[in-house]
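Encoded as structure tokens, the following chain is the form predicted alone, with no partner shown.
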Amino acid sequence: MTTSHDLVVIGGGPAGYAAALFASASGLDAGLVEESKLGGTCLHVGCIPAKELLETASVLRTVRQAAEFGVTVGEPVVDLAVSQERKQQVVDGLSKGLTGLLAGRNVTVYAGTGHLGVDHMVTVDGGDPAVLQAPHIVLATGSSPRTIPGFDIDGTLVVTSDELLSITEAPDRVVVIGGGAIGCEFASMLCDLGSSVTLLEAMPEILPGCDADAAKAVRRAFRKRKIDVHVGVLVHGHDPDGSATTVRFGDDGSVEVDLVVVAVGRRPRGDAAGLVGTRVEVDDRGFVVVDDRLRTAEPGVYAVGDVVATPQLAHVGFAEGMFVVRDLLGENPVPVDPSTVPWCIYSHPEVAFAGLTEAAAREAGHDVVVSSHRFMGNGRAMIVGETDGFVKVVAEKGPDGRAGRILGVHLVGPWVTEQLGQGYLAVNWEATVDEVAAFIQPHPTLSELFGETVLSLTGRSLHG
């Protein structure tokens, strides 16, 4: 027996459940197929558990600095087993809320693996066997951690993010392979938890894709914290010896560690939905091929989230899930622009940005003017004791030589992931520095440094 829906989504991560929820809110009958846990990587082995453990690291760091504020405490000791319990409570609470929300919106959830075949038929194998059909299908099969040759994942000595997020004891010595956002977050967290950390990155700088000044600032901060950072190096394998192993890298480098964390990005699961008999294409990287409206070559079939070649961010998945619903309803929505989405990295110091880096703006042919202000002169930053970092604004230079449209906003420092909103809106509304500078910034706040940085681009500044 075949069950019909207006829309069937294969994959219950952020992109998939967003599509199903938004479809239901738009009056469509939606079915959602998920082979594991609703919420996907983000909720269970990604964004949420990682940030919870990073918050544990932040609390530990704060307690260690308590004496600076006149608060006398003993040397803090972290109990990761307790932190893991708290993490699971957060995950379980959000998971329960998501399940209730889908039920409340009358989204029919099928437990099992969905396979898309001819004529928009979706066969569900597993917990809830079913055959579904709908005029519109959304592929949201997500991604999995990438691995590298010579480092077989055993879950004990060599791990990915999946296994690391369940540790109950910090290793004495650890090497993190990959200096992107995930690798930098893990290196920062493990350092705070007391591990001796080595970070290896193949590219010339950590945090590829970030503004060069931001990446350099984080690398300096890491080295100040005794994180041993090596850039421009390849790893060549490792030699286990009991409970430890020696990782070989670069020309003749090596380091003995108790744990290897492979954090070299995520692999799209483009072929996870079968696709036999369809015109859906999967490229050699594993991404489902889509046009700028996230449509595949099979009419009525879309793909969203980590499985397409757009930024692998949960909030981008949310936006894409809502976009395809608007598109199939004929509302002609504006496509998500990958170059202007917000990015947040929760290392210490934090990094947040939206829009073009200074280098990318120049490469795109823009004549630019740049302003940068440091947190060391910000009153709130001094109060909270976090003065490392800066705000950098990249603006287009007009014919009269004055700064005009804001092209990019880049922040490094305390709680910048919560400060990006103004910069993101400025970039996406194509606001000019004159327009943004006219707004009043509350004082004393960390966010007023953004206003000060923009104000200086008008040719007149207050404090800077």
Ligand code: NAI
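The first residue of the sequence shown is number 1, and the count goes up from there. Every value quoted in this text rests on a predicted model; they were computed, and no experiment measured them.
The form predicted in complex with the named molecule exists for this protein as well; it is not shown, and the discussion that follows is about that form.
Screening Val82, Met382, Ala103, Ile148 for any heavy atom within 4.5 Å of the named molecule in the model of the complex leaves a single hit, Ile148.
The contact with the named molecule in the model of the complex, taken as any heavy atom within 4.5 Å, belongs to Leu200 out of Leu200, Val218, Ala303, Val393. Among heavy atoms of Gly286, none comes within 4.5 Å of the named molecule in the model of the complex. Although the partner is absent from this view, Met322 stays clear of the named molecule in the model of the complex, with no non-hydrogen atom inside 4.5 angstroms. Among heavy atoms of Val233, some come within 4.5 Å of the named molecule in the model of the complex.
When the named molecule is considered in the model of the complex, Gly155 lies well away from it, no heavy atom lying within 4.5 Å. For the marked spot (Leu7, Leu32 and Ala130), a heavy atom within 4.5 Å of the named molecule in the model of the complex is absent from each of the three residues. Screening 167-175, 263-271, 325-333, 365-373 for residues having heavy atoms within 4.5 Å of the named molecule in the model of the complex returns a single hit, 263-271.
Residue Lys51 is the sole member of 51-81 found to place a heavy atom within 4.5 Å of the named molecule in the model of the complex.
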